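The chain below stands alone and is given as structure tokens, in the form predicted alone.
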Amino acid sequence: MNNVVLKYVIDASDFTRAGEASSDVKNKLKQMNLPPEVIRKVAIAMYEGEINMVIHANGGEITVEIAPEGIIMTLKDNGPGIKDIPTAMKEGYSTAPDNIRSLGFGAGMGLPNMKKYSDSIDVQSEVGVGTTVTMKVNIA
């Protein structure tokens, strides 16, 4: 299998389209006959990141590299950045405003689920500049 690279632009505050990129990746991985557990992990981790980009980060770009050894998802935004990454990684911690919570989002499970459903995660953030999250899900 040759490496496949997919790129997606995520629009800020567009909840009607939120999840389209992760759904597209899920469908492509199914077409490639990858193991269901790999597909599930990628879909959940990427969806959580995609929603975070819509809620918190004024959108951004997602690059997905599908290689024989694993799937690498890089989510890059120009949002406000994360002040305290260790705290943000805790279940239930959220900075989502009330209007987002009223839509059923912002429960503070985004980053924890991204960590839970990826085999490795790296979060780099600078306040006022943006955040880059790189996640990998191993194949086999």
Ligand SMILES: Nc1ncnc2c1ncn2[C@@H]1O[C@H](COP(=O)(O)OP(=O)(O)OP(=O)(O)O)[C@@H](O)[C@H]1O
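Here the structure is a predicted model, which means the values were calculated and not measured. From 1 onward, residues are counted along the sequence shown.
Keep in mind the form predicted together with the ligand is missing from the figure; the text below concerns it.
Heavy atoms of no residue among Leu6, Pro35 and Val42 are located within 4.5 Å of the ligand in the predicted bound form. Residue contact check for Thr74: none of its heavy atoms lie within 4.5 Å of the ligand in the predicted bound form. Contact annotation: Ile62 falls outside 4.5 Å of the ligand in the predicted bound form, judged by heavy atom distances.
At a distance threshold of 4.5 angstroms between non-hydrogen atoms, His56 is in contact with the ligand in the predicted bound form. Interface membership of Ala107, defined by any non-hydrogen atom within 4.5 Å of the ligand in the predicted bound form, is confirmed.
In the predicted bound form, Met109, Gly110, Leu111, Pro112, Thr131 are the residues of 109-140 with at least one heavy atom within 4.5 Å of the ligand, listed from first to last.
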